[in-house]
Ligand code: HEM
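Before any questions on how it binds or moves, here is one chain, the form predicted alone, in structure tokens.
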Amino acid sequence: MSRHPRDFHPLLRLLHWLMALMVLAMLFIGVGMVSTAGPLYPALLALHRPVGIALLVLVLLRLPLRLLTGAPPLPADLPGPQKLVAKASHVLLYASMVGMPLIGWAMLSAGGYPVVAGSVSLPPILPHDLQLYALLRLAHTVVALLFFALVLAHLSAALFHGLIRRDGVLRSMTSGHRR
């Protein structure tokens, strides 16, 4: 059975919601990490690194699929500036989903820390350099804050389309349209 032309590919929808849950988990893990120096910190850190690498792997699978299958057209009556913002925000979301884990991996590499995902120890991608580590740590924090602001804007736009406009944009990523 073929998909409705106003729907995202089913695998894209699955990856979207799986990654959305993981990103939400990372928000709470990250906030927990920066707000504690107590006994939970090592456990949160041990969870943060492999989830970040898993998100990187998933987005590297998702991006080519998105490029291959495309996105459903936006509603014809949507103003041009809103269409531009929608497209730009998706580019920024993908850039953030690739950039965040890479910046984290680079930061840990520069700090001389191992990056372990499950039982696999990943190689450093930068040489040990504490000044670079400090710069990348700041970059990771700033990009994380901007990313979560972007996620909130994305969620707000989705709810606007689903609850106010009722134009099928939200449905294209959730239950889909009926044939």
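Quick caveat, the model's predicted, so the values are computed rather than measured. One-based numbering along the sequence shown.
Just so you know, the form predicted in complex with this ligand exists too; it's not on screen, but the next bit is about it.
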Distance check, Val23 to this ligand in the model of the complex, heavy atom within 4.5 Å: yes
Though only this chain appears here, would Ala110 touch this ligand in the model of the complex if you measure heavy atom gaps against 4.5 Å? no
So in the model of the complex, does any heavy atom of Leu126 sit within 4.5 Å of this ligand? no
In the model of the complex, does Leu163 come within 4.5 Å of this ligand, counting heavy atoms only? no
May I ask you to choose, among Ala153, Ala134, Leu58, Leu27, the residue with a heavy atom within 4.5 Å of this ligand in the model of the complex? Leu27
Can you tell me which bits of 62 to 93 touch this ligand in the model of the complex, meaning any heavy atom within 4.5 Å? Arg62, Arg66, Ala71, Leu74, His90, Leu93
